[in-house]
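Presented as structure tokens, the chain that follows is alone, the form predicted alone.
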Amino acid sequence: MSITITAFEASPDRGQGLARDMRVRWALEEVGQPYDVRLVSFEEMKQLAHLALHPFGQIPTYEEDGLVLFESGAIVFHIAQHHAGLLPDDAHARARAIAWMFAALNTVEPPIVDLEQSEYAEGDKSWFEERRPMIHDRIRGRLDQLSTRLGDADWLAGGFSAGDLLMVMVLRRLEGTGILQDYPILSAYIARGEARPAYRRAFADQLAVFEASR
């Protein structure tokens, strides 16, 4: 049975490759696995058929041979476990790469998402201008630590891994905020990820969906 993932019929990121299906697309491209994409509208995401796949009514979902998964991190982990190319063979190196997957989603991403959500959910509140610097400080604290750890290495745990894939995608969410310009090491890291052929194929496919919806 072929792999099928779900993605936005009309992505709110306007083709920038920030929607979370991009993480799964990139992972599948890295390991050379073909897949189909089923596009869903915001209305369809809240209907029972989609909720049976994703209990929170979001994207992406992953279906293969009777297996249904949700949450982009879990899907990328599954792909990495079952196909060569995203996790090292050595047990210790593999564990370190997996640790970076968790770090990307649990440590680095939350304040970045908080910044995104606060801009449109709280931007009109009288106290927003006081809160925003605190969010920026939380983000910069994590970026300081990440930049120091990466140093002059190309990737976080030896060769490119699923940890880097998720970390690059998380950091890309800061594009347009002006924060990344203070972190040349991380900007170069993102650029290395974006230069990978698998990333470019995944980005082109995601962008094509947006272009078709215009």
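Please read these numbers as outputs of a predicted model, since none were measured by experiment. Numbers follow the displayed sequence, beginning with 1.
Another form exists, predicted in complex with S-(P-nitrobenzyl)glutathione; not displayed. Remarks below refer to it.
Residue contact check: Leu18 to S-(P-nitrobenzyl)glutathione in the model of the complex, 4.5 Å heavy atom: Flag for Leu18 set to yes.
message: Given that S-(P-nitrobenzyl)glutathione is not shown alongside this chain, does Arg23 nevertheless sit within 4.5 Å of it in the model of the complex, heavy atom to heavy atom?
response: Because a heavy atom of Arg23 falls inside 4.5 Å of S-(P-nitrobenzyl)glutathione in the model of the complex, the answer is yes.
message: Just checking whether Asp13 would be counted as a contact of S-(P-nitrobenzyl)glutathione in the model of the complex - the rule being heavy atoms within 4.5 angstroms.
response: It does: once S-(P-nitrobenzyl)glutathione is placed as it appears in the model of the complex, Asp13 has a heavy atom within 4.5 Å of it.
query: Contact between Phe210 and S-(P-nitrobenzyl)glutathione in the model of the complex at 4.5 Å, heavy atoms?
result: Outside the cut-off, so no.
- prompt: Where, among 83-91, 70-78, 96-104, 140-148, do residues come within 4.5 Å of S-(P-nitrobenzyl)glutathione in the model of the complex by heavy atom distance?
  reply: The contacting stretch here is 70-78.
task: State yes only if every one of Phe42, Gly57 and Arg173 has a non-hydrogen atom within 4.5 Å of S-(P-nitrobenzyl)glutathione in the model of the complex; otherwise state no.
output: Every residue of the candidate spot has a heavy atom within 4.5 Å of S-(P-nitrobenzyl)glutathione in the model of the complex.
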